[in-house]
Structures are given as structure tokens and as C-alpha cells.
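Starting off, we have a lone chain in the form predicted on its own, written out as C-alpha cells.
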Amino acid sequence: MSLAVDPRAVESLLAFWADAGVEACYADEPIDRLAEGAALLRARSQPQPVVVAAPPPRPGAFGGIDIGAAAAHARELAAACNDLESLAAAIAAFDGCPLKTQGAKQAVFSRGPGDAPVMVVGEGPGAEEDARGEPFVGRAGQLLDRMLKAAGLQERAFITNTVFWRPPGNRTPTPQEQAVCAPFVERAIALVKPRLILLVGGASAKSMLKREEGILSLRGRWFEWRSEDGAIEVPALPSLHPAFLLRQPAAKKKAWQDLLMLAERLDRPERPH
């Protein structure tokens, strides 16, 4: 008798392990690697047809776009922006991120006060965000708002993402896509001047902090985010993504602890100089 598998349960389990930093798993059935090797040796002993190799891709090319050149162009555009309105316009006009041509309806930049003491940086827009043009407005965003409000942070947070166009199928943005958008994120930090940064989700924490650990290892620990030129440093706290919390409600306690830690540091009296 075969048992029906709920695809939502499978998706939730895979998402849990991905957020935890697991990048490989065992197969369902044993595999005879010795037999595979023997077959490979037999295949190699046979004459092979001559194949003309395609020219190698240009270094730094991704999806038809030179990532290095696109990031440099983004840096030039971002540096010319003296306020958040012009930065939003520059992002919307930017053509250097491959995501812009992969089904996204519009650029999704930010919401929240432009002088907020806390900046929340997520991963990328989803379907609801793509439709409305604002980050974190779907189910995950509603949960984030409730948590920020409970911690006394809702009106004190500027919210954005590491990429500004919805990845196809709501997949995780790639490091290349994040690298192209990074100059705009950095310029947003320079303009908002937050005292603290909350990084929600593994993709955000890894990209912003240039770390390789999974989010369950990074969360709840303070790091220093630094601008590319090292001129700006802001304390940054990784935490669990609200979408992960919707799939794994038991993890909400850890995310709540992170928010309380951030709120305590934000309101901590400054030491006299």
C-alpha cells in the first residue's frame, strides 16, 4: 500500500534543512559505487567522438550579464543618490540584475521611516511584494510586523532586501544577484544611518556579513557589517526569516529572543565619553 505524500510537508522539511545550512543528503537507496566505477572505466576504454568545445564564458559573466561591470555601474548610480527617493528611482531604472527580466513586475525597494534607528534586511521580494511594490507585505511580512510591534520596534524599522526583484518561483537569490544589488543596499545604509541592522534569513546574513555558516549558527550573535570601503560599520544581528517561522512555529521563541536582544541594545543608555 502506497502512502500519499503531502508536497507541502516535503517543501517545509526541505526549507528547514536549507535554512539550517544543510547542502547535501543521503540517497533513499544504497548505490554500488564499485559497479559505477567499473562501468565508467569501460566507457573510457571505448573510442570517444571528437567534440568541439564551446568557448568559455567571460570571467564574471552570469545570465548574460557581466557581474563585475554591473556591480560597478550600480555603485556609480548609488553614489550619485543623495536621498532615498533618488535611490529608489535609480534601482527601478537599473538593468544590471538578471532578476529584472525573469518575470518580476517591478522593483521592490523599501518601506518604513527614512531615519529609522533599525534597518531590517531580508532576502528578496515574494509574489505579494512584487504585486504591491513594498517589501514584507505578505504573510511573512505580517508576522514580521507583529513581532516588531510587540518588541516596540515597528515604527523604528526601515525594511529592505538584498535584491529588489522577485526571484522566479520565490527561490533564494543567488550570491551573484545579491552582489549586483549590494551597492544599492550599502547606499541605503549610508542614507538611513541605522544604529543597528537586523538580518533576517540565511541568504541575507551570508551575503551581508560574507559568512558561510547556516542561519541557525549565525542567529543570536552580534557581528559588524562594514561598507565596501570600510568607512561605515554598523552592528548587525542575524535572525530567522519570518517565512521560516511560518513553517516551523516552534522556532518563534528564538526569533523573539533575537528581537528582545536588539531592542535592549537599541535602548541601552550610551556610555559617557
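Numbers for residues come from their place in the sequence shown, where the first is 1. Remember, it's a predicted structure, so these values are computed and weren't measured experimentally.
We do not show the form predicted together with a small molecule, though everything after this point is about it.
(request) Answer with one of 126, 194, 183, 112: the residue that has a non-hydrogen atom within 4.5 Å of the small molecule in the predicted bound form. (result) Contact check passes for 126.
(message) If we define contact as a non-hydrogen atom of the residue within 4.5 angstroms of the partner, is residue 122 a contact of the small molecule in the predicted bound form?
(response) Yes, residue 122 lies within 4.5 Å of the small molecule in the predicted bound form.
(message) Can you tell me if residue 206 lies within 4.5 angstroms of the small molecule in the predicted bound form, counting non-hydrogen atoms only?
(response) Residue 206: no contact with the small molecule in the predicted bound form.
(message) Within 4.5 Å, heavy atoms only: does residue 136 come near the small molecule in the predicted bound form?
(response) Output for residue 136 is yes: heavy atoms within 4.5 Å of the small molecule.
(message) Test of understanding: in the predicted bound form, would residue 219 fall inside 4.5 Å of the small molecule by heavy atoms?
(response) No, residue 219 sits far enough from the small molecule in the predicted bound form that none of its heavy atoms falls within 4.5 Å.
(message) Please identify, from 186-194, 127-135, 93-101, 145-153, the stretch that has a heavy atom within 4.5 Å of the small molecule in the predicted bound form.
(response) Comparing against the small molecule in the predicted bound form, the contact stretch is 127-135.
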